[in-house]
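First, one chain by itself in structure tokens, the form predicted alone.
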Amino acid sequence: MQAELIDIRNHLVQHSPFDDMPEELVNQLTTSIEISYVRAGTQILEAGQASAYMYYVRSGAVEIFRRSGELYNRIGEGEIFGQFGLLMHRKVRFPAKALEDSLLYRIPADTFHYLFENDENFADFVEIEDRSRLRSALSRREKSNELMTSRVTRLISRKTISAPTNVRLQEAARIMTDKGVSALLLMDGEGENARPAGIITDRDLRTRAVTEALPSETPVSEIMSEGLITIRASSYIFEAMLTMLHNNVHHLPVMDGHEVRGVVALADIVKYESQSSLYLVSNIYHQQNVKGLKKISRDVRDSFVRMVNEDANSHMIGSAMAGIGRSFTQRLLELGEEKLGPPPVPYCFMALGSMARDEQLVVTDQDNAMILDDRFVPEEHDAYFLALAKFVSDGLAECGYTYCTGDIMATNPKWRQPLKVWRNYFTDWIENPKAEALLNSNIFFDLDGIYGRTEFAEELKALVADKASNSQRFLTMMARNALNRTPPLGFFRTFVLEEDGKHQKTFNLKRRGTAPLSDLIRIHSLACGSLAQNSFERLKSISKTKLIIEDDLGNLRDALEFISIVRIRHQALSIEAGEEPDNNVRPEDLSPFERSHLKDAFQVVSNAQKFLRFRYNTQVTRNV
């Protein structure tokens, strides 16, 4: 092959859809290409004219228009245009004009159709538009993930073992022994009308019956756990895993309508997914001191990498990592109370930020706070809660959760306050949205009560949902604040890179990608009065309103998933290479597939920010 053709081929295979094309087809394509040079301002394609080529931009920039004259897209090096005309009766659908002097490769119609018939990836790529392409890429990825496709019913290996709620303790223990089960489901009613009312486990019999020396004739209903956490039979195994992680339960009744299909135990999932994050969580609760917790915290990164290599999605990984962080915190609080004695007044320990949203990864610090009962008297009680907060914070730091540089921790007296003070904080931030209040709202309005009187946190969530949704001024100020972080996409859909510092020639996938998305989703969610905390769950809440059309919601879901998973894989690769993971990536370290689809995802973020500016009228209110 001549040197010129080799140069063309080598450029093509750096970009989709040619990067996955068989070598023989690429070589065949290369020999058929015609080269065209156009000056800035040249009309390349006119609407309705006969379509004879698909174009590939070797250098320069081209603007694509709708037939109405509205600008549709700007494309640059490595991107294609003109394919829709070849697919639709050979009439140009989108006019094109050179924005700057450009070198183009023209792929003749006959070659285009030959590739379309003989290469499935090429056909898939040229048939769909950018955002649909992003969705298609994510769909293919999910289909390859066994955890995503295995139903929880796969883990059910025996009939449900149950008993009426009035069965006696001795009889319940006998049933469990005879059947060889670690949990007994307790039912109200009979026959088809029987409904699960509670559950007892081996541990319940030991800790609630034997330890308390209860008579063997005691009704089992006196020690059973009520308020059952269940899961639908149509759920996937990973959803069962996340439900256990989130609720710290080891048994889940699997429901098909009102019928119990079986009970899945932690051991069933651990057996299915040995060495999983659930196994790690189980280990956390068996540790007797901070030294033990620190030792097993080294397994967190291994668990993270394993999930990434199994093609888990970002929601699953973020939830699992948050569940692990939550478990470390809960165990430290238990150990702290054992050391310091019972708390003088009830309290709730809150997780904030990514842990509260179930979007935590391995590069994270600790953001937390305490809500104290309104009977709290600082002079009498605060020494205890300061000591407890410091024990937890120091323990988390030992386990790899670094101290918050902004001092958003329960060790800060400002963030260790009675419920009535928190109500005043939140109300003031919403009614007086000054710069500091907006910053605090971004941090504290992603909250989750993870220990103690968690209903305190639920009350604050309800307060935020009610007041924020009724304050257009607050939403406007939040929206304006959210526009300060923009995606790293230049005018010609090129990546905008850091120009100096240690991260020179990189872009930050968190600060310029997932964070702007989380910010704008939070604002729409607040406007809807949603109580959801996770960004994907918030999108579901938004979809129940008319605030955003379904197509745009789908684009936001896809963009969040794709940017998140590229960030996750970047961190996993760093860990496997023995490097410290971070959020900064160099474009040349990404595959052509990732670069292409990241541009699509960043474009979705940019468009969503334009809608945010319009929806909340951010140009008007300027009195902050």
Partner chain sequence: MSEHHPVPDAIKHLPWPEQYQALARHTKAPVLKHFYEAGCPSPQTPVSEVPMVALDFETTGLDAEAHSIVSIGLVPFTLDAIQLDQAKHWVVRPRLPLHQTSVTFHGITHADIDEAPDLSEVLEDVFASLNGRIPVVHFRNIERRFLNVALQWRLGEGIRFPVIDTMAIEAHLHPDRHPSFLKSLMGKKSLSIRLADSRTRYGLPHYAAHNALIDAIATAELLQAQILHHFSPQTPVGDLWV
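Residue numbers count along the first chain shown, from 1. We call the rigid core the largest set of C-alpha positions that still match within 1.5 Å between the two forms. The structure presented is a predicted model; accordingly, all values stated were derived computationally and were not measured.
Here the subject shifts to the form predicted in complex with its partner chain, a form of this protein not shown in this document.
Checking R557, K599, H570, R58 against its partner chain in the model of the complex, a heavy atom within 4.5 Å turns up for just one residue: R58. Among V585, L45, I33, I565, the residue placing a heavy atom within 4.5 Å of its partner chain in the model of the complex is I33. Contact between D101 and its partner chain in the model of the complex is found at the 4.5 Å heavy atom cutoff. Although the partner is absent here, F456 lies well away from its partner chain in the model of the complex, with no heavy atom inside 4.5 Å.
Within 4.5 Å of any heavy atom of its partner chain in the model of the complex lies no heavy atom of R423. Heavy atoms of R106 reach within 4.5 Å of its partner chain in the model of the complex, making it an interface residue. With the partner left out here, its partner chain still marks one of 571-579, 557-565, 62-70, 37-45 in the model of the complex; by a 4.5 Å heavy atom cut-off that stretch is 37-45. The Cα shift for V38 between the shown form and the other one, taken after rigid core superposition, is 2 angstroms or larger. When two forms of a protein are overlaid on their rigid core, residues whose CA moves 2 Å or more are considered shifted, and N27 is one of them between the shown form and the other one. The Cα shift for R58 between the shown form and the other one, taken after rigid core superposition, is 2 angstroms or larger. In the model of the complex, the separation between the C-alpha atoms of Y55 and R586 grows by 3 Å or more relative to the displayed form.
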